[in-house]
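For this one, two forms of the same chain are given in structure tokens, first as structure 1 and then as structure 2.
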Structure 1
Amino acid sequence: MKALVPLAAILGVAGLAYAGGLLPGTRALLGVVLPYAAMGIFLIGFSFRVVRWAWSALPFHIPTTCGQQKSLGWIRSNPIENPNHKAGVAARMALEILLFRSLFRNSQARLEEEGPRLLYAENKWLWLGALAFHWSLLVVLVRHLRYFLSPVPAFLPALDAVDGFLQIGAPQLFVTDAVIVAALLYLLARRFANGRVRYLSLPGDFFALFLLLGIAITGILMRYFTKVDLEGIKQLALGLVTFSPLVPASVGPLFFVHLTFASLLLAYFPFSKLMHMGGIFLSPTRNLANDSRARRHVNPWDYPVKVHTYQEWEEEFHDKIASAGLPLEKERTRA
């Protein structure tokens, strides 16, 4: 049920969007009002969560490290695995953001009945699937800039040539189109095949995967299998970014399914686990230098509070303590 309900929701949205794309009265709603509303929700929600994280106090100095810390001069430290300056932190953050450094080191553990023994094994498929999906998504998003910019920047045709270097079919097959679908199917199959991952998965996890698959599949259908009016789509996209929207009559209903899925993803983004895109930059376990030996970290929540010392407590309850036959610190000190 955790997967069926999100799948039914995605299919329902697709059906409504397709039907709405056929009706003249709802095309402006799907092509203009919905994208603007989704972008507004995305910008406000994303900014709110990032600002809220940024203003959160940092009571502890908690960078995670796995290398030698800088200490004595004759002990060689690891400037990236255990950075003590901003340059090392920047290098470690770059490896984390661009190459998923921590996920690459992820391992899986299982308990063998013989022994019993706890065995650790490599788990690089998850890292490879996540890396393939994120980089393919980035390339696809950059390629879509041709619909929002006029004239088209020179680097976009060059990116298309690199992405379509296989020269398969007409129109040209983009490698990232195949890779992003394969990566999403792997990430989805992993949630079904692995019992522990399936148990920990929430409906929102399946919803995000189905939604991304819907965006990718409808985009592939429009490029390779159905005829769409690219000029009309670009006219609509340019109208949206210049705040002079116009929905051409030649734009087919499949495009409105694609656009509805993209708008839904934008609106859903700030309220989901997809916010790790912004949270990775504000994670204190990664964006702090491990320099606690060189400079003291001050807890901003460690404000002065009124305390009740033991001596004051003993003075307040002196008679009751003495009548109960319990030892008194003041009397032991005098003795």
Structure 2
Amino acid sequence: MKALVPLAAILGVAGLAYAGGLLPGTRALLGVVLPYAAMGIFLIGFSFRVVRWAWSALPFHIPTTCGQQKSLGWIRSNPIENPNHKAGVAARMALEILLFRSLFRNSQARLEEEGPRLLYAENKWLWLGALAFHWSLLVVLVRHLRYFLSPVPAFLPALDAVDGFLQIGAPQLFVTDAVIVAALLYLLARRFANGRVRYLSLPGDFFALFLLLGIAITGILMRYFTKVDLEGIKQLALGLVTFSPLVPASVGPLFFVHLTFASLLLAYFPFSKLMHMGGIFLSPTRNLANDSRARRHVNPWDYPVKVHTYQEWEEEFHDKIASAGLPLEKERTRA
């Protein structure tokens, strides 16, 4: 059920978009109105979510430390896993964001069947799958810039050349196209096959995966398997970014499925877990230096609380303090 409803939704959207791409009346709706609306929702929604996080206070200094602290000079501290400076924090965040450091920490010990030697195997599939997906997505997105920029900047053909280094087929196979589909399929398969992960998955988890797969597959179909009018698509894309939208008649329905999926992703983004893209930068267990004893952190909403003062304490236990021979602030004359 958790996967069926999202799958049905995605297939339904695909059907509608394909049909809409065939009908003259709806082509402008899907090719112009929908992308603008989706981009609007994305920009406003994304900013809203990030601003709301930023407006939530940061009352305490709570980094998770994953290495030796900086204390005594002769003890080697770990400036990245337990940074005590902004530079270390920047390095730590870069490792998290670019290389998914924490996901990499999944070491796994194994005893050799005979004898007590301890082996450490690596259990890095999740890390590899996630990294492959995210990096491919980034490259694919950058490659798409050539539809939105005219003239095409010089680095894009270079990127294409690198991405197509395998030089297989015509049009040339982009490695990232294959990798992104493989990675998404792995992430999806994992949600089905691993009992724990299936149990904790929500429909939204499947929805995001199906949607991304839908985008990737339609894109691949257009590039490698069906003839699409790239010039027409570029005109459409350029029209969108220059605010002079047009929908060339030569653009086929499959493109509208691709575009609708992409729009749906943009519009869905701010309402979903995909916001982790923005959130990772703000995570207080990662983006703070472990210097809370060296520099005072101020809580913006701090308020006075009721405490049990020394004076009240001495008052209550006066005689016992006196009989124990401990010093008193206020000698009390006994009656």
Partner chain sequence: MPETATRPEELVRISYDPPPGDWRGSPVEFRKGTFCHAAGAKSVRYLELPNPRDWQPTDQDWKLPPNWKEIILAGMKERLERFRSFRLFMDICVRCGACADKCHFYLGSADPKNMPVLRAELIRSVYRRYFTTAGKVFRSLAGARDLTEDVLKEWFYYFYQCTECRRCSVFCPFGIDTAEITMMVRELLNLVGVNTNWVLEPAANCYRTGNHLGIQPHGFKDSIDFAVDDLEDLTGVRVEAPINRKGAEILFVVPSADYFATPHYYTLLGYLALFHEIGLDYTFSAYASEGGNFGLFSSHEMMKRLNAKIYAEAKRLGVKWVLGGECGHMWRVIHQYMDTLNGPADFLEEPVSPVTGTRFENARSTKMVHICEFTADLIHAHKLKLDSRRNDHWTVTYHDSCNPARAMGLLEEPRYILRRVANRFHEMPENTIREQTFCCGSGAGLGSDENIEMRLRGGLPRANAVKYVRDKYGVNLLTCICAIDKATLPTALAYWAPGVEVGGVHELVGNALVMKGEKERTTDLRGQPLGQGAEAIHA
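All of these numbers come straight from a predicted model, not from anything done at the bench. For numbering, take structure 1's sequence and count from 1.
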| item | value |
| --- | --- |
| Structure identified as the form predicted on its own | 1 |
| Rotation (degrees) of the lesser rigid unit against the larger between structures 1 and 2 | 68 |
